[in-house]
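As structure tokens, one chain now follows by itself in the form predicted on its own.
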Amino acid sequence: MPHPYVLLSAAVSLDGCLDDTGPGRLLLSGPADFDRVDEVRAESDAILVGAGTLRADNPRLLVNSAERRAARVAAGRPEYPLKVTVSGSGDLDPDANFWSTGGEKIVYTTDEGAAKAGDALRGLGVDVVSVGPDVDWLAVLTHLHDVRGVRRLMVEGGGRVHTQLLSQGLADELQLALAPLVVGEPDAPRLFGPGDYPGGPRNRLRLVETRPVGDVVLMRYVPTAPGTGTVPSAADHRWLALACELAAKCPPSRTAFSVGAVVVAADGTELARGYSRESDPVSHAEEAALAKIEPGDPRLPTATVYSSLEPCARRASRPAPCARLILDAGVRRVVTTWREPDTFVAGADGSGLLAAAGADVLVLPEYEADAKAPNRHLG
């Protein structure tokens, strides 16, 4: 199910706190970073905060720059991004700043919370959407994408919301403004709490940018750990996109597909990558990638193979098809996008072979066009 690009944004102290325990809001950022955040807001389709942040901070969540708002309008977008909050209880203050400023607003809540939120917000033009008996983040993101047309979602907190999205593998990017101060209070709110994070404690996010912004340091990270089973993570999308990019490196052929593959450990470490005909004229992508990994590597049983084409179930050029090579290597999770057509082998069902042997096969169809692009010449 497609969902928006989810960007987690926060300012933290050197000891990882979002605030102190005092009565007023601790300002961790300065004017330069506030302006950067304003720019990120202007680039977003929607801004989300949890109900706890609404109660504690009473934010407006506006794009403050008139020039940026004008640029949004000139581009055919609303003056302000959609404002989103999530509340399991539906207990929301109708007098909060959130409701009286900016453009459209939407509340995601539970079946039980919908009645309470609807009663409180009736007459304010707020869209109240129930996502079931409990808050289901995947349902929230899918509704934002499919119904509200949100492609880029900025999440400004609080720590509980950030924890849930990152631990469920739904965050695409983390932007941290690191402030030069230490809170030092054991009960101060933290950016992330306990959770079952993808890849476990050894998972290292990838740093993609660091730069000073006034007296804080902006750090941008992207998750790398695969999802589990057939539940996708944000990193699954990123690795599959890489596999599709690798397919474009294949030497051209009129008698075989151009395919890319990546093997990734559970903690997000890339173990190997490959593409069709990389090592010899008849090698397949998964075969080329797996050949670069030492047999019996203990990371293989919990690894994921990403392939731009469904691993083959039959082939004429080698005794073992790629689905069998994956299983023999011990891998039990495969992410792909394009089911193998009957162009060269009729009735192939690599996904069925994998599933019958107990492997999880996840298909992300939104990358199918990218996978097919290097194979247009095959008709």
Ligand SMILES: NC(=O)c1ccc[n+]([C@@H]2O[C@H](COP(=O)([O-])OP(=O)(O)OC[C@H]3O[C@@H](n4cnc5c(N)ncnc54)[C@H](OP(=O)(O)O)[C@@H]3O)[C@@H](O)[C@H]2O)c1
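Residue numbers run from 1 along the displayed sequence. Computed from a prediction, not measured in an experiment: that's the story for all the values here.
Keep in mind that the form predicted together with the named molecule is not shown, yet the notes after this line are about it.
Is it the case that Val161, even though its partner is missing from this view, gets within 4.5 Å of the named molecule in the predicted complex, heavy atoms only? Val161: yes, in contact with the named molecule in the predicted complex.
Can Ser89 be called a contact residue for the named molecule in the predicted complex at 4.5 Å between heavy atoms? Because a heavy atom of Ser89 falls inside 4.5 Å of the named molecule in the predicted complex, the answer is yes.
Partner contact for Arg314 in the predicted complex: the named molecule, 4.5 angstroms, heavy atom: Although the named molecule is absent here, Arg314 would stay clear of it in the predicted complex, with no heavy atoms inside 4.5 Å.
Answer yes if any heavy atom of Gly157 is within 4.5 Å of a heavy atom of the named molecule in the predicted complex; otherwise answer no. Residue-level check for Gly157: yes, a contact with the named molecule.
Would you say all of Ala10, Leu28 and Gly50 touch the named molecule in the predicted complex, counting a heavy atom within 4.5 Å as a touch? Verified in the predicted complex; spot residues all in contact, yes.
So which of Arg60, Arg55, Arg68, Arg318 gets a non-hydrogen atom within 4.5 Å of the named molecule in the predicted complex? Exactly one residue meets the criterion: Arg55.
Which listed residue (Ala179, Val135, Leu242, Ile106) meets the criterion of a heavy atom within 4.5 Å of the named molecule in the predicted complex? If I apply the 4.5 Å criterion carefully, the residue I get is Val135.
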